[in-house]
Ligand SMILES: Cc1cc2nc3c(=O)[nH]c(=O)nc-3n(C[C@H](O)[C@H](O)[C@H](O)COP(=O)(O)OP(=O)(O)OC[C@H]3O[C@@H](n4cnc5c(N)ncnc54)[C@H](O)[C@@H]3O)c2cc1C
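Okay, here we've got a single chain as structure tokens, the form predicted alone, with questions on binding and movement later.
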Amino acid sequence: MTMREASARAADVVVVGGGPAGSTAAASLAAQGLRVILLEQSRYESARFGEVLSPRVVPLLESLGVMRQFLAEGQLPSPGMVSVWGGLKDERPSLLNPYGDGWHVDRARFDNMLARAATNAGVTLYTGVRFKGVVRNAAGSGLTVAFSTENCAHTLHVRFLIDATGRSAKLARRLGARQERIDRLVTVVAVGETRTGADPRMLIEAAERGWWYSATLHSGRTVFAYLTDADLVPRAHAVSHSSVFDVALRSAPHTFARACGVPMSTPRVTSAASTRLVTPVGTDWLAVGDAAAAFDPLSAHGVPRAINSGLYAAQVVAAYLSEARPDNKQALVEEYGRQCDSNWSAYLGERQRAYGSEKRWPDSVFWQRRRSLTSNAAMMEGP
């Protein structure tokens, strides 16, 4: 089928990636009167990783003006968390948190809600996008972005670009940014039925070759996720993944008790590696959320961090576009980069403390790697 060419459009900002960071940045910029276009590869129809939101998300949703919509969608409160780590069982009820309950959510619906809020703020949203390329304008100011939707090709001339493409950071990398990672963590995840009377709290449990989390989903089913290193999972078909999943499940007695006898979906494997862009900013662009730096799920920063990242990036971009002096523009993006570096350093310290508190299995390759990753010398360049 022939693809028709759409007329070229101009905008102040294009945000590529319609997750929490991208939608929040787009909505905030549009609310400040800028012309913003948001591009999302999916149509928010498929499952997304990250189904439990910490109570810290509540004041952020209120500040975005979407708390009423969030509650109207019937999201499922999470009454607390149970962790089995370092040989100790720790139970943390939500009533001890000043923000109340956490939430079990359908992430596709949640992300779609934030994207709708962005359109309500004046953002133009395209879904089902195939990204084609990005080049710097010949005049040296701004960028040209090419993409397609269904049978239509589009060209955008923009003053600024925000990469919100997640761990892939594919736009920043096309623009010359270098990505580093400190591990090869992956998630082997499956969904099963929830047994009547099952504990609704999220469960985190350390095991010999990784760690587990499980939680009730918005749909009433339960997600079971095994976090381990990519080379500890065979590169083969789904049967092998199921075998790894089943064997690992038996090494986590609390998770096994929750999953025992429950029919499971076929496990799928996704990256959960800790990555960052060495330079998350450039001339007329910056990266936000997981594209700038992606944290280990154990950190539990997740969606609240993504929303905060989007809000901060919007402040920087709005100031950048309103600033006439090139040297002042450069200072703005350099400060953004320094803040990203500071957040990354703080995260590495948190990560080291969390993994360092689990001292069982001294001969386990997985845990040995976590104990050795204390310096940048252990980092590996991303693919």
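No experiment lies behind these values; they were computed from the predicted model shown. Start at 1 and count along the sequence shown; that's the residue number.
Quick note: we don't show the form predicted together with the named molecule, though the next part is all about it.
Asker: Taking the partner as it appears in the predicted complex, which of 80-88, 124-132, 278-286, 245-253 has residues with heavy atoms within 4.5 Å of the named molecule?
Answerer: That would be 124-132.
Asker: Quick one: of 60, 314, 340, 39, which gets a non-hydrogen atom within 4.5 angstroms of the named molecule in the predicted complex?
Answerer: Only one option qualifies, and that one is 39.
Asker: The named molecule isn't shown here, but in the predicted complex which of 154, 301, 209, 181 has a heavy atom within 4.5 Å of it?
Answerer: Result of the distance check: 301.
Asker: Heavy atom to heavy atom, is residue 192 within 4.5 Å of the named molecule in the predicted complex?
Answerer: Because no heavy atom of residue 192 falls inside 4.5 Å of the named molecule in the predicted complex, the answer is no.
Asker: Would you please decide whether residue 164 lies within 4.5 angstroms of the named molecule in the predicted complex, comparing each non-hydrogen atom pair?
Answerer: Looking in the predicted complex, residue contacts with the named molecule include residue 164, since a heavy atom lies within 4.5 Å.
Asker: Within 4.5 Å, heavy atoms only: does residue 16 come near the named molecule in the predicted complex?
Answerer: Yes, residue 16 lies within 4.5 Å of the named molecule in the predicted complex.
Asker: Is residue 21 part of the interface with the named molecule in the predicted complex - any heavy atom within 4.5 Å?
Answerer: Yes - in the predicted complex, heavy atoms of residue 21 and the named molecule come within 4.5 Å of each other.
Asker: In the predicted complex, do 107, 271 and 306 all reach within 4.5 Å of the named molecule through at least one heavy atom apiece?
Answerer: Yes, the whole candidate spot contacts the named molecule.
Asker: Does any residue in 309-341 get within 4.5 Å of the named molecule in the predicted complex, counting heavy atoms only, and if so which ones?
Answerer: The stretch does not touch the partner at all.
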